[in-house]
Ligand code: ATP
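Before any questions on binding or motion, here is one chain by itself as structure tokens, the form predicted alone.
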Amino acid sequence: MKIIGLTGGIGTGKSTVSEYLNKKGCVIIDADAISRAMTDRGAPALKEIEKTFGKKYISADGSLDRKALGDLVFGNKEKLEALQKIITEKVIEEINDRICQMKEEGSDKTVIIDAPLLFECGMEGIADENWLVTADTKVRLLRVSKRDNLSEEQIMARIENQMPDAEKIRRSRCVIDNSAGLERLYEQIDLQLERIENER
């Protein structure tokens, strides 16, 4: 079994890479999906979030107001770290449990840990190698403004609050540039999958 940590900042198109890897037969472990489940209505982490950040980030129906909390933490490094501390340990534990189960079952599939904050949360050590998805800043701004209806200032605040790409590149075995369209993107991914297959 090969375990790959996949990460990329906002607007780089990491989800597109993850979807393609899934189509190619890789098993995807989505750290964000695990995190969302742990902050669903009634989940223990939700009470910790309310205690740390205040009741205004909990909607009337008892669910997490993700957009409001996102606006808060992605513009404030200390608050982002506080949020990560609440849920990171639980997410890492769940990821490790899933990987252990697959190993026990004798799986030889390539496993992708899809985690936007792979390095920031200390998850990179779980993987055999880590891949970083990057893209030009202009491309990222255009993608996010269309998708999330955020201003350029809001997007740049989120980009600047994340670990610099230079540091992520230093920690990554592979860097995938997603600035030039899907065909070029898929070519890069296929080359890496071929390398992994040859290394088995």
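Computed from a predicted structure; not experimentally measured. When you see a residue number, it is the position in the sequence shown, counting from 1.
One more form of this protein exists, namely the form predicted together with adenosine-5'-triphosphate (ATP); it is left out here, but the text below deals with it.
- Stretch 140 to 148 is the contacting one of 140 to 148, 22 to 30, 58 to 66, 41 to 49, since its residues have non-hydrogen atoms within 4.5 Å of adenosine-5'-triphosphate (ATP) in the predicted complex.
- Contact check for residue 191: every heavy atom lies farther than 4.5 Å from adenosine-5'-triphosphate (ATP) in the predicted complex.
- Contact annotation for residue 176: none of its heavy atoms lies within 4.5 Å of adenosine-5'-triphosphate (ATP) in the predicted complex.
- Residues 9, 10, 11, 12, 13, 14, 15, 16 are the members of 1 to 16 with a non-hydrogen atom no more than 4.5 angstroms from adenosine-5'-triphosphate (ATP) in the predicted complex.
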